[in-house]
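Form predicted alone, single chain, as structure tokens, below.
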């Protein structure tokens, strides 16, 4: 193991890690927003929109992220739409993540007994207040493990961004291997970088789940 090489190129991994994390966070936030809206549409069984959501979920979950990114980065310019690799990464991750978040939120909402909604409405709650104050707190406690798993999955999926010339962690590792043939060193730094990013997410998710359960939600 060439420790001098590792020390020299750690700054490149730090910079690539910041880019990976930034795009990952933006994509995950948008994924959660998409998931919440789409799951609410399915929960309230809104005509037409519900069918659109079903098509979106099936299309997104059954096509690889790399294919989606290629469509955005290489396909759209054929019809005059040109996006930066960063924007393609955010949009692609949001499109994929939104479908997984939709299923996670939907399964959580389905665990809430209908009597909860009926009781809230009978007490004078509006549908929006019922969703925010009664249904969501109970559904989230059940959904947290799936949400955390999806967040980890989406961050790991950023490893394919190098396919659209985005200088993420995987791009840097492949570049160093190609230039200097330092495969063990480059891959060791790559693994360490993802562990540094993903381990805190896993720990925070576990603590959040326990706190929600201790608070009495999801029981």
Partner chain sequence: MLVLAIDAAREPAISILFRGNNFVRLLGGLWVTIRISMISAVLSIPLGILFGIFMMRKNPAAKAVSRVYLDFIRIMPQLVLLFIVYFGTTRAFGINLSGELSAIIVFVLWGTAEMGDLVRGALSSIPKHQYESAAALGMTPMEINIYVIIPQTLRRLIPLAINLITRMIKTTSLIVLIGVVEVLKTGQQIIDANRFAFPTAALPIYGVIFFLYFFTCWPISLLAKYLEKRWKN
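Positions refer to the first chain, counted from 1. Every value quoted in this text rests on a predicted model; they were computed, and no experiment measured them.
The following text describes the form predicted together with the partner chain, which does not appear among the structures shown.
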**OP:** Tell me the stretch among 136-144, 73-81, 86-94, 122-130 that has any heavy atom within 4.5 angstroms of the partner chain in the model of the complex.
**Re:** 73-81
Subject >> Heavy atom within 4.5 Å of the partner chain in the model of the complex - the one residue of 151, 32, 38, 170 that qualifies >> reply: 170
Original post:
in the model of the complex, which of the listed residues (21, 208, 14, 198) lies with a heavy atom within 4.5 Å of the partner chain?
Top reply: 198
Original post:
Three residues, 66, 190 and 194; all within 4.5 Å of the partner chain in the model of the complex via heavy atoms?
Top reply: yes
Original post:
Taking heavy atoms and a 4.5 Å cut-off, does residue 28 contact the partner chain in the model of the complex?
Top reply: no
Subject >> Any non-hydrogen atom of residue 53 within 4.5 angstroms of the partner chain in the model of the complex >> reply: no
Original post:
Is residue 181 close enough to touch the partner chain in the model of the complex, meaning at least one heavy atom pair within 4.5 Å?
Top reply: yes
Original post:
Quick one: is residue 59 in contact with the partner chain in the model of the complex, heavy atoms, 4.5 Å cut-off?
Top reply: yes
Subject >> Interface residues of 146-171 toward the partner chain, as seen in the model of the complex [heavy atoms, 4.5 Å] >> reply: 156, 159, 160, 162, 163, 170
